[in-house]
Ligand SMILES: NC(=O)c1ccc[n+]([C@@H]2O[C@H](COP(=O)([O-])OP(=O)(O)OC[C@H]3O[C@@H](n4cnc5c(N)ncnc54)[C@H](OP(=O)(O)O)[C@@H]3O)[C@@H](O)[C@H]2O)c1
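Here we start with a single chain on its own, the form predicted on its own, put down as structure tokens.
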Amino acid sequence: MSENMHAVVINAYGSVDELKDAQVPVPELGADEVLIHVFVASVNPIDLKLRNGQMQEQMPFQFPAILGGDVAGEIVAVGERVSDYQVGQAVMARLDIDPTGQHGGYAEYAAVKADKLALKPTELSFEAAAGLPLAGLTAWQGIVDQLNVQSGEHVLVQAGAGGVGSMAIQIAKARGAYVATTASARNADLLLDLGADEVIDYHHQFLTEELADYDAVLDTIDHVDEGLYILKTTGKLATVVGRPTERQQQGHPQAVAYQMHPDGSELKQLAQLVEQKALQVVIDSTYPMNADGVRAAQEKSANHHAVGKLILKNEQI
């Protein structure tokens, strides 16, 4: 392994034009980290917010910065305090956001804390494995940790064709729930195949006229009022994009906002669902992991028409 590697970086906040190919140092390995040869990464909406500076107050970067937090690949080195993993294992991970900008996933190698890892199920391609961590953890933490969905409950997943929505449908279904979702008509068959019991075509149907007395709502598009309207008085809503107002919480004190946090133990539970054939990763399209490919993937992410995940594949693989 050379001391340098290829990566797609930004040298300033801005448009997709700021994404550039570069040679940068291979990340130094911490004692509690593993070094992954990144075969595949994925693009998530947070990558766009980090690139354009929308989150610079909470998460300022040093430049040049490598974006991307979902990776799948092979371990090539382990830190001295790591005992659970070894060189040669195929893994997937959600990286912590690194303010130094040196530990992103749009690169040949990524250093990842061992507690953010899970072994890649043999049933899962590297492309699908790279699409699982952020979307899967966001869905799991909404459906399981926040809403505590139980068998027999009625659950609405807003925007079921997205990366988070498609996984939330499957996780809720695996827990025995009746699952409704919103989507355009062209995606209805896919979502029914994933386990949705009912698909509301938001172009031609009003959600508030179609559903009532629901136990739980996972909101991924900031339609909090609409979600609250269909809930039982004892129902729960969790939003990963909005923030319930004081007025909204007066009527529904169990309406909460949450943020995904990387968690290797929960990623392992998602892997178990994959092995049980209860969870699959929907892939929209795949791009080369170079500046042109990342620009194209981020532009598609920005138009909100992707069905499932946008994948970046290292050209060397």
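Residues carry their position along the shown sequence, with the first being 1. Note that the structure is a prediction, hence the values are computed from the model and not measured.
Beyond what is shown, the protein has a form predicted in complex with the ligand; the following relates to that form.
Candidate site formed by Ala161, Thr220 and Gln259: every one of these residues places a non-hydrogen atom within 4.5 angstroms of the ligand in the predicted complex.
Listed stretches are 108-116, 123-131, 142-150, 180-188; the contact stretch with the ligand in the predicted complex is 180-188, by a heavy atom cutoff of 4.5 Å. Although the partner is absent from this view, Pro45 contacts the ligand in the predicted complex, with a non-hydrogen atom inside 4.5 angstroms. In the predicted complex, the ligand sits within 4.5 Å of a heavy atom belonging to Tyr202.
At least one heavy atom of Ala306 is located within 4.5 Å of the ligand in the predicted complex. Residue contact with the ligand in the predicted complex: Leu192 places no heavy atom within 4.5 Å of it.
Contact with the ligand in the predicted complex, judged by any heavy atom within 4.5 Å, is made by just one of Val241, Ala212, Ala77, Ala174: Val241.
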